[in-house]
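A lone chain, given as C-alpha cells: the form predicted on its own.
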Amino acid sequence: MTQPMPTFDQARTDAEPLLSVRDLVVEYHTQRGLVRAADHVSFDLHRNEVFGLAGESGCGKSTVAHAITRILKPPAHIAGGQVLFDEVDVLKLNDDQLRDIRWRRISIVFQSAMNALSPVLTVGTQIADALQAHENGTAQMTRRQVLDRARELLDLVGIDPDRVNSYPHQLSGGMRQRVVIAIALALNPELIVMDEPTTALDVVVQKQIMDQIRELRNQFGFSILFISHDLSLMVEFSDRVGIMYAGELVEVAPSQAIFNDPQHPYTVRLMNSFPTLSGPRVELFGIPGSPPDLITPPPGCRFHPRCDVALAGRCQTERPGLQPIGARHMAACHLLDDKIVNKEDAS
C-alpha cells in the first residue's frame, strides 16, 4: 500500500460531537442461538469530520450503521446503548420523529446501488419520492418543481440532468452509485452514513466516486460515517478510523496514526495484508484462521486464537477494553498495558 495522499482539509471539530454512540449492543436471534453482532460499541463523530469503521466482513460495521439509522429488521434487535444525534437519543424516537430526521438530517448510502434503487422507477422519480416523503415543504411543490430539483441533484453528482428519466438498468454501476449519493444529498443532511459506497466498482470509477464525495463534502460541510473493509481506502479518506473485530471496537485513532503506527495486533495484520502499488515487492502476511463464531465467542480477547503474540493465560481469560495510549489514540490489547501505565505516570 502506498503512503496515502493528504486528505481534504482536516475536520474542524466542535467541543460537542454531532453523533455519540455509547455502549451500543445489537443482537440477532437465530435458531442456533443469540448472536451479538455489536458488543458495547462506543465512538464519537464530530461536525465536518469523516469517521471510518473498518474490519473484515462480518465484524459488525454495517450492523452499527443500520442501528444508528434505525433500519435494522428482525431478527436484529437493539439490546442496549444510546445513539445521541445532536444530543437526542435516536433509539428513543417514534416513527414520526424518525421521519423528521431521516434524509433531512441523517441519510445513508447503501453498498449496493442496484439493490437500493427500484428497477421499475426512473431515477428522477426515486429522487422526487425521497424529497416528497421527508421534506414538508415539498408538499406545495408541483411535480415539475420536484423533478427540476432532481435534475439539479443529478448535475451536482456529475450526471447529465437529462438522465432524470432513465431507469437504473440504463446506467452504469458508477452512475447508479452517484444517483444513490444524489438521493442522500437531496435535503442537505448534516450526517451521511456511507456503507461501502464503492463496492463492486473498478478502481478507476472508485477513485472518481471518492473524489466526488470529497468535493461535495467540502461544498456542503456534512459529516460522514464511512464504512469499508478496504483499510487503504479508509486511511486515505477518513480523519479518524475505528477498527472493528468480532463485534467490538479494538482500536480508534487518527487515520495517519493507524497507517504509520497501528497498535493492536489485528490492525497491524490488516495493514500488512495490502500490497504496495510502487516500490519493491514484499511478502504479504495474511491473518491465519477465521473470525470467531459470535454465538460462542472465545473468552478473553476475541482475537487471541489468531494472534501470534498473545500472552499465555491473560489474553485467553481477560477481555481487554479500549484504553488511551496517546493523544486521540485508543486500543484494546493487554500487550499495550506498559504504554498505558507510562502515559498515566507521565501525567
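As the structure is a computational prediction, the values presented were derived from the model and not from experiment. Quick note: we count residues from 1 along the sequence shown, nothing fancier.
Missing here is the form predicted in complex with a small molecule; even so, the following discussion is about that form.
- Stretch 52 to 60 is the contacting one of 52 to 60, 297 to 305, 316 to 324, 39 to 47, since its residues have non-hydrogen atoms within 4.5 Å of the small molecule in the predicted bound form.
- Proximity to the small molecule in the predicted bound form, taken as a non-hydrogen atom within 4.5 angstroms, holds for one residue of 221, 173, 161, 75, which is 75.
- The contact with the small molecule in the predicted bound form, taken as any heavy atom within 4.5 Å, belongs to 35 out of 35, 310, 287, 68.
- At the 4.5 Å threshold, heavy atoms of residue 196 reach the small molecule in the predicted bound form.
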